[in-house]
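Just the one chain here, laid out as structure tokens, in the form predicted alone.
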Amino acid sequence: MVNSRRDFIKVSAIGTAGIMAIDPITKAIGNTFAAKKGPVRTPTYCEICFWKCAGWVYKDDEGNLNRIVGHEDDPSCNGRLCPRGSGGLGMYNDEDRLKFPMMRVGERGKQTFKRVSWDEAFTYIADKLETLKKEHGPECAALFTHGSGGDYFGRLIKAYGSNNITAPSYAQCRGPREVAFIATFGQGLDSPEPTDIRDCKCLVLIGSHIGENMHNGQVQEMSDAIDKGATIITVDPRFSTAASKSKYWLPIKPATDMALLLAWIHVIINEELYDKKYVEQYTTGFDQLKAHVAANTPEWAYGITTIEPNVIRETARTMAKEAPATIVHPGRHVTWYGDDTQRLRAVAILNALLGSWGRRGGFYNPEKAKVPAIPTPEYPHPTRTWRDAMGGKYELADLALANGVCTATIPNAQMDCHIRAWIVNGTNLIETLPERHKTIEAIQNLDLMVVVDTMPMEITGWADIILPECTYLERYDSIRASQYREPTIALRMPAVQPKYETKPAWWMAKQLADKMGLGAYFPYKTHEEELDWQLKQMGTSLEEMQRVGLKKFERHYDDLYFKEGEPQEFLTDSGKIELYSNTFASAGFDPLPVYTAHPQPEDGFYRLNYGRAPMHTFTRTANNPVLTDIMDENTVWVNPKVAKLWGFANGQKVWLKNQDGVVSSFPIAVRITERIRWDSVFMVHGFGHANKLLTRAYGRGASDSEMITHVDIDPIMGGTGMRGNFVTFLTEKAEGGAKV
């Protein structure tokens, strides 16, 4: 049954009500601090996840950091931070932080470093890059980035002459949905997704764990929708937090989601439940789609998905009844089985049939403030990119693929020159990229690897140079301009001076640019100068933003939703919503999504499902002293039938062994629960760290990334399908083998 909003937030936060900052408390705290003398609060936006909620950092009379609360005017958080955001102080106070620049002195990967000065580190990097540029061209360098620092290192590497800039979040997370929605509607979704959850009447979550991924604004809007009586439909082999708040939980057999989506489309078309006027006016390809799904009945899907036909029909009718205020949520981490772009095409088509794109309660048209770029010289034009290693594949990928850059780093007889230098900013590639052995092989072929991070992650152990970044509480960064119903900008400024010898990314990039003769691309002495110039072009100033933290702007056009019957031009080949994709057909791919059967686990093995916890962000927070107090290791969820078969007790430690014989480095506790199907297991991503310098995280739980050695590559855009891995259990791990 649908529970209340308060219950949903409570469950989502897993008992962290003491950390959540609720409006009345926030205002009381603000008034208390405002009454004290001196500058007691500074504006920021969170760096612990990509949602980047705006907030205020409070200090006591002695200037010590006291707490972080959400900014009351920010649509990302509405004045309330999630547990992760409240854990920012733990990031600042973590004594395991990187403290000074270091240079490798031994074999790569053996964690042997010496302390060096900033100038020594920059000189080494600049000399190496200059040599590589002369011998192989500037395109031999690449940037992997996650977080605000990418703005500055991206500018540096483009000034150097390379355009090999990638965020692992594209190929490993959201890329298939972007390509699918662009092919269907002519535009992607970006972040935050323009889902009008607060006004929706039916929300369908198919592998989307709102409430555990803690995408703050969406969690709050879903809570509001629940309070207003919205129907939630959750499709998941696991009884997630969202499933517990749903009217319908469909515990689908993993790897069969496409069959369910096609059956839903079949019901909506054949029972004439689609929005006829919308489909006729805005779409093309309906007749081809109708013929395509004619055989995809609920009875057909039942034999594949294990979801009963009456449930498929009832949920399809519920979606149609509430349309257009129905959202089939596109999700975020959608790289599952290798046919992910086509699966997300089916999601996009379903939304189009329901008439939800551009409609209240469906998908709104977001607007984003344009932040002007400070004038700089034109960037050099690269002659080669990572695509040269792809043999003409993945032309529909609209951003660089991290796995593509990795492939282009390993020498290949068909390539004139492989990538030879990596700058890795804020992303732990050892735990982020699948096929760890391939990542390490690529690293071992580098002439230079620079790692920029706040913490000693696994990737820092492979670096030639480690540059310690200060935390987001100690630095200025780019202006946050996020897409919402109305444009907003937010400022991050330092609340305190950086600890140790740490520095902000903008300073590192500028110093390197100056040393490499590229200083014209950073035409300022301090970042405040650039920010003030940008803000003044936008009708405000750094001084104002330091006071208000966040600023909203008027929309340029009154087009949040389509007006009834108003003509619309979509940026597709046909100018319409393409149910039948001309783009895919032209590129040699199926223009309509097709169900493909995927491998199932052998006897004694179980599909590895992984996901998020509301108090942790990937591998970034497993050592955070505040957040580890809430959750310090993961468990493996096992169905009671499976536990009985193996003779497991709740809390028993086991090792995981995957289909390729890889055994987890550390054991993990068994959690026996009815909340997972018998053919699957589940574990939270981000644990099992192998770097001993992470004193809280080392050896706590197991790493799901270590188990992902099989990857199904999406042929359309190159995304890495990672849910085709299976594990079994070992009760002992011994030298030379393991005992079952």
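Since the structure is predicted, the reported quantities are computational estimates derived from the model, not experimental observations. Don't overthink the numbering: it's just position in the shown sequence, from 1.
Below, we turn to the form predicted in complex with a small molecule, even though it does not appear here.
- Here is the short version: of N403, N609, T488, S223, the single residue with a heavy atom within 4.5 Å of the small molecule in the predicted complex is N609.
- Here is the short version: of T231, T619, Q342, N634, the single residue with a heavy atom within 4.5 Å of the small molecule in the predicted complex is T619.
- No residue of the trio N78, K201 and A320 has any heavy atom within 4.5 Å of the small molecule in the predicted complex.
- Under a 4.5 angstroms non-hydrogen atom cutoff, the small molecule in the predicted complex lacks N623 among its neighbouring residues.
- Though the partner is left out of this view, S581 does not reach within 4.5 Å of the small molecule in the predicted complex, counting heavy atoms only.
- In the predicted complex, no heavy atom of T409 sits within 4.5 Å of the small molecule.
- In the predicted complex, at least one heavy atom of I708 sits within 4.5 Å of a heavy atom of the small molecule.
- Here the chain stands by itself, but in the predicted complex one stretch of 541-549, 568-576, 366-374, 252-260, 252-260, has heavy atoms within 4.5 Å of the small molecule.
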